[in-house]
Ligand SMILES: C[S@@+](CC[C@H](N)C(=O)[O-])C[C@H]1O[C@@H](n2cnc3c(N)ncnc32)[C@H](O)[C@@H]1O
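Quick setup: one chain, the form predicted on its own, written in structure tokens, and binding and motion questions come after.
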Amino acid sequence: MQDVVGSAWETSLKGKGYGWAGDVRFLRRFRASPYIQLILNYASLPQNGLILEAGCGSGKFSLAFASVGHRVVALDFVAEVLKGVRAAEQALAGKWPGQLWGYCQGSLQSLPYADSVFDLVVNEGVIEHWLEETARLEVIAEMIRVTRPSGVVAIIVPNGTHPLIRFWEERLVGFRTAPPMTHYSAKQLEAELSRSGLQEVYTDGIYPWRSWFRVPPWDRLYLVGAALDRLIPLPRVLREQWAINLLGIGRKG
């Protein structure tokens, strides 16, 4: 079956690859962020756990997980994306702990791995680009297939029900250049993960305060949003309504 989403990304990124993963300062902040810590706290990974980032983009998740002692494979459909992650890892050599365990070019619709291999399979900004629910469930099921029993699947998507989502889509380059996406709510994400067979499904919202300061002219106050996220934590119901991104995570039975 043709990977229409992967091919769309390949066309979009042709000749330019993906954005840089970030310098050491950025990666330290990212490693300490809810993006990584929520997953680590839920997953309780074994020491030297085996992780697949299935649709790695910039590779920042792979680099963050590798830096805390896990074996990480970065997978993407687009060869230029993988070259960019390799270049980032080489540029960080001697400055950033940990090394990626491997790279793989492949499709999320048919992951090139046997059943029950990984302790954690994760991606961010990937699943929403399959517009048909049946196709999304098949991709999620494929992520589950290569996860070992009691292992964890974590999916992060843009908050498609945020009051400013239309502004983001109109004004932020990342939205304008990406393939079309499904507008996920936390409830829809939870329902699809459960229907795919995951257990103990948990959803949360990431950076609710920051979400209000993403586009001009409000982006000048972005540090205010960052401070509010740190100093005035919101209840989960508001995190899921106002988040920049939604996290859905569950365990394979």
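So that there is no doubt, residue numbering starts at 1 and follows the sequence shown. Not measured: the values here are computed from a predicted model.
Form predicted in complex with the ligand: not shown, discussed below.
*Asks:* Using heavy atoms and a 4.5 Å cut-off, decide whether Gly57, Leu75 and Ser107 all contact the ligand in the predicted complex.
*Replies:* Yes: Gly57, Leu75 and Ser107 each sit within 4.5 Å of the ligand in the predicted complex.
*Asks:* Of Val157, Met143, Val81, Val152, which residue is found within 4.5 angstroms of the ligand in the predicted complex when only non-hydrogen atoms are counted?
*Replies:* Of the listed residues, the single hit is Val81.
*Asks:* Among 217-225, 187-195, 59-67, 201-209, which stretch sits within 4.5 Å of the ligand in the predicted complex, heavy atoms only?
*Replies:* It is 59-67 that comes within 4.5 Å of the partner.
*Asks:* In the predicted complex, is there a heavy atom of the ligand that lies within 4.5 Å of any heavy atom of Pro97, even though the partner is absent here?
*Replies:* No, Pro97 stays farther than 4.5 Å from the ligand in the predicted complex.
*Asks:* Is Ile244 close to the ligand in the predicted complex, meaning a heavy atom pair under 4.5 Å apart or at it?
*Replies:* No.
*Asks:* May I ask you to check whether Leu120 falls inside a 4.5 Å heavy atom distance of the ligand in the predicted complex?
*Replies:* Contact with the ligand, no.
*Asks:* Mark Trp130 yes when one of its heavy atoms lies within 4.5 Å of a heavy atom of the ligand in the predicted complex, and no otherwise.
*Replies:* Yes.
*Asks:* Enumerate the residues of 6-34 that have a non-hydrogen atom within 4.5 Å of the ligand in the predicted complex, in sequence order, or give none.
*Replies:* Gly6, Trp9, Leu13, Tyr18 sit within 4.5 Å of the partner.
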